[in-house]
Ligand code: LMR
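Have a look below at one chain only, the form predicted on its own, in structure tokens format.
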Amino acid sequence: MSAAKAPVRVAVTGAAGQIGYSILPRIAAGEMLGTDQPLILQLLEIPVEGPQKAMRGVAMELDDCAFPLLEGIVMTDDPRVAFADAEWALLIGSKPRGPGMERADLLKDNGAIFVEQGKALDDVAADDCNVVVVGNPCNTNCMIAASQAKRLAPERFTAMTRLDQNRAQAQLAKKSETAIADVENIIIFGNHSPTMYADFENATISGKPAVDVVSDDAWLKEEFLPTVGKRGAAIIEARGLSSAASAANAAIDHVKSLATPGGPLHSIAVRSDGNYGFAEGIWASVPVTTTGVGTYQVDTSFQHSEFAVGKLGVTNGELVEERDTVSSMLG
């Protein structure tokens, strides 16, 4: 009989929010790290009674599920308690954009949160901690958090664009009337925002170029790209609330892919070293292959048309503007 695995500590911020409520049972059930991996959940919420009370309710439900893998739950409003010895940290909590709020205001308000969390992670997380930023604007929030770290390398910080990838994959499958699994190598470039570029030119459907299977160039450029880029807004319009179940699902996919060496190409936002024309030092979504648990290599082999290069330039410009807006917060 093999020895039982030691539990992995997984920190989750925004634990009482909608994404937190959707993702925590799935993590505890083993969907993210494996059905043989025990874990301890370390939950963080803001120091306000409403969210704190809601977090306690979430923990009660997790207890009531009787998950065999869940060996403990920590609840706190202190990042240093939540991140202590964490091997995975999912930074989900962030301030939502309110009516009339400019994007620059949102960046600055959330920036302060991620400055504090980046410092706390660097102080107390495990040496091999992988930090996944979900809270928007996630690319720049990730850059801010990583900039505070002196011990944890920038490669330990990634931002989630897997939701965009999943959306793009689903749209291409529907249009081509094929199975989801038949759509491969659909990669998101740039920012998790309407400027992102879902690279249909390099995608395949049933092993054939997607542009040959879906030969409607106007649909790809004028319907597909805006649908993927603005899907979050469409969901808010439809249900009155932002994406929760799909965002939680994408975060699980992000971690599973990042924890599975040798798997297929996938989209994550990482620190740019200039590949694909992105400014050095920003966090931009690119294709990666996972080389070890939590480690990756950027695939630099993608070729882009003049149309695609223009799209990459637009999303790069937005990320540079965001960096300039929060420059005072970068450590």
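The first residue of the shown sequence is 1; numbering continues from there. All of these numbers come straight from a predicted model, not from anything done at the bench.
Just so it is clear, the following notes concern the form predicted in complex with the ligand, a form of the same protein that is not shown.
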Consider the chain as shown here, without its partner, and state which of 119, 256, 175, 167 has a heavy atom within 4.5 Å of the ligand in the predicted complex.
167
Answer option from 208, 103, 221, 151, heavy atom within 4.5 Å of the ligand in the predicted complex:
103
Just one stretch in 242-250, 210-218, 176-184, 257-265 has heavy atoms within 4.5 Å of the ligand in the predicted complex, so which one is it?
242-250
Report yes if any heavy atom of residue 232 sits within 4.5 Å of a heavy atom of the ligand in the predicted complex; otherwise report no.
yes
In the predicted complex, does residue 163 have a heavy atom within 4.5 Å of the ligand?
yes
Indicate whether the ligand has at least one heavy atom within 4.5 Å of a heavy atom of residue 236 in the predicted complex.
yes
Exercise: residue 136 in contact with the ligand in the predicted complex, heavy atom 4.5 Å
yes
